[in-house]
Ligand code: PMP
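So this first bit is one chain, no partners, the form predicted alone, shown in structure tokens.
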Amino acid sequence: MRVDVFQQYESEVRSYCRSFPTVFTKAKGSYIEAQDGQRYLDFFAGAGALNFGHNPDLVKQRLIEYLQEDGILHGLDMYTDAKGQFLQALQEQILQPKSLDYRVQFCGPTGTNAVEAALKIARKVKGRRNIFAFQGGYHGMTLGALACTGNSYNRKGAGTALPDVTFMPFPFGPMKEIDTIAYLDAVLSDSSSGIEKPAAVLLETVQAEGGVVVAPTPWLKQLRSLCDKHDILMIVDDIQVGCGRSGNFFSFERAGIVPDIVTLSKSISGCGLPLAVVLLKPELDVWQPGEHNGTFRGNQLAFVSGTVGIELFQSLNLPAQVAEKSQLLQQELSGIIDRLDARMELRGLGMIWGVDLAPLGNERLIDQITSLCFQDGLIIENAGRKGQVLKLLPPLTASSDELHIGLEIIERAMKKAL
């Protein structure tokens, strides 16, 4: 297959393929292989959709068995065995042991649709239109979710107004110097602030696309209390950093808080198949039948693989694995920064880490580094304001040896670019 087939026939909207200009044919574990036989270590992991790596054996086995038994492939929101098993696994193995009482809503199979559903139900419950989102946040590309996304490049693609969202400061950069919770409280308490009280506050506890910006634990606790004080729902978008990426299954667990609504997608299916869910407290489940629906809200294959993913999360003891590998990544990346240029900033937790090159003042460096990494057999992306953060997102199941190989490639690329 020639690359020019895609260049000739596919829309200009394509993006990742421009950074990784080759034709991929198969993948396994932490590696993806091109048609010329070149193998690439994957530190991108489907933008976080492949926490268990490519083609996990147990997932693949269950999917093949399901297909061979003529299992239902399309079910809308009808009761099916595959859906029932997924619901039971999610409740009994994840939610109930954490004392989390959530109803599960299946929406369209993408993360942005989960965000849309969360925004709709929050507005319906509270009878208010406005939403508070945060500077640097990313929540999807459909209009409602895009309205809550801060990136100006993404927003200008809408071609229309993106109303009913007020952006608030996130504790990052210059905003770390102010008490952002006190500011929020002042805005909400002042009848002359000119800002409409929101139905909900929407946030990522780790802004992934925003540049791997980790919200401090005390800040998350204070935000939860603020929402309670002002009768505002808290929606946590755990689409990219949930399902074990932060160490715990949910990224908000480290703060000991319970959001009112949680959105999950990406790795919830266990292998990259499209699936998205909204978790909402039972008292918020005031939907009328069919009030939010979609032809593909019942992805049966994703239910099968998602059930296996939950099993693997438990059997592999991923929280312990992630804690160990997180320490490795932090130590090794800190060493690289010390050896090359101490002005670079390291941020992250679990198995999402970012090296911020912005302090170096050379906006071309990041593209040079990711390109050199690709030439040397590593797939890695950038993120953050002006794309100046090198973002590491390896599979949670990547071995220590694979992590070391990737880090060596990164150091070589950075050293050459610098």
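Throughout, we count residues from 1 along the sequence that is shown. What you see is a predicted model, and the numbers here were worked out from it, not measured in a lab.
Just so it is clear, the following notes concern the form predicted in complex with this ligand, a form of the same protein that is not shown.
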Answer key: of R224, R297, K266, K325, within 4.5 Å of this ligand in the predicted complex (heavy atoms) is K266
Using heavy atoms only and a 4.5 Å cut-off, determine which of T307, T180, T110, Q105 is in contact with this ligand in the predicted complex.
-> T110
Taking the partner as it appears in the predicted complex, which of 313 to 321, 202 to 210, 285 to 293, 125 to 133 has residues with heavy atoms within 4.5 Å of this ligand?
-> 202 to 210
Proximity of I261 to this ligand in the predicted complex, heavy atoms at 4.5 Å | no
Might A117 be said to contact this ligand in the predicted complex, defining contact as any heavy atom within 4.5 Å?
-> no
Is G140 close enough to touch this ligand in the predicted complex, meaning at least one heavy atom pair within 4.5 Å?
-> yes
Do A302 and this ligand share at least one heavy atom pair within 4.5 Å in the predicted complex?
-> no
